[in-house]
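Here's a solo chain for you in structure tokens, the form predicted on its own.
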């Protein structure tokens, strides 16, 4: 095997291991490279310092020094990834049989090569959406009113799905439209259509409440004109930002006096 240009002995061994254990581990390469894509379209990426990630399922992502979007990528299962040493360069080559497309990433210098036996079976949990807020209000109706008793969640109407439907202690119908952000005039008109639907189709008088983070004077004018109510709910207090939580472990925990 030819040695890669300017590659220290330790990193040379990592590259050799990479070639031997390709597709068995998670691989991270940082170095100077070019990239060539040949297929239905063609592209050429001139030399630059970039980070290449190859995941255990052969998902491939090439990142530059700026921006969120990858410069080149390949989805898992699109094609086999091969690692070669050619003309003192490490070549990462993929071929997609289905589309007959080839991607080559050619490293003339490697600053760091790392192989991880990574294990991760967890899935991302996202909370704090508008739907989550509606679910929370359904479970904690006292936030809307101490006498509010919800009876339905995501109630279907010809104008969309109403977030909450319920009654007060006297059995009078209440409908609630929930917005996580600040309310807009369109939100007020949407609630107005829901109220009109119940009054016209079900022949009942209902109380309409719009829940939102904030209400402008323009929105309040629409609500008042149609006998609708506004309720400010600070969703940040219900779903606090994780970034604002104090870490349970700090750097001080790792620094000990001799």
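Superpose the two forms; the largest set of C-alphas matching within 1.5 Å is the rigid core. Just so it is clear, the structure is predicted and the values come from calculations on it, not from any experiment. Numbering follows the first chain given and starts at 1.
The same protein also has a form predicted in complex with the DNA, omitted here; what follows describes it.
Taking 135, 108, 145, 101 one by one, only a single residue has any non-hydrogen atom within 4.5 Å of the DNA in the model of the complex, and it is 101. 219 is the sole member of 219, 195, 212, 52 with a non-hydrogen atom lying within 4.5 angstroms of the DNA in the model of the complex.
In the model of the complex, the DNA stays beyond 4.5 Å of every heavy atom belonging to residue 46. At the 4.5 Å threshold, heavy atoms of residue 185 reach the DNA in the model of the complex. Shown alone here, residue 30 lies farther than 4.5 Å from the DNA in the model of the complex, counting heavy atoms only. When contacts are judged by a 4.5 Å heavy atom cut-off, residue 165 does not count as touching the DNA in the model of the complex. The stretch among 71-79, 112-120, 136-144, 168-176 whose residues place heavy atoms within 4.5 Å of the DNA in the model of the complex is 71-79. Shown here without the DNA, the chain has 37, 40, 41 in 28-46 lying with a heavy atom within 4.5 Å of that partner in the model of the complex.
Residue 232 shows a C-alpha shift below 2 Å between this form and the one not shown [criterion: core-superposed Cα displacement of 2 Å]. Once both forms are fitted on their core, a CA shift of 2 Å or more is seen for residue 73 between this form and the one not shown.
After superposing the rigid core, the Cα of residue 43 is displaced by 2 Å or more between this form and the one not shown.
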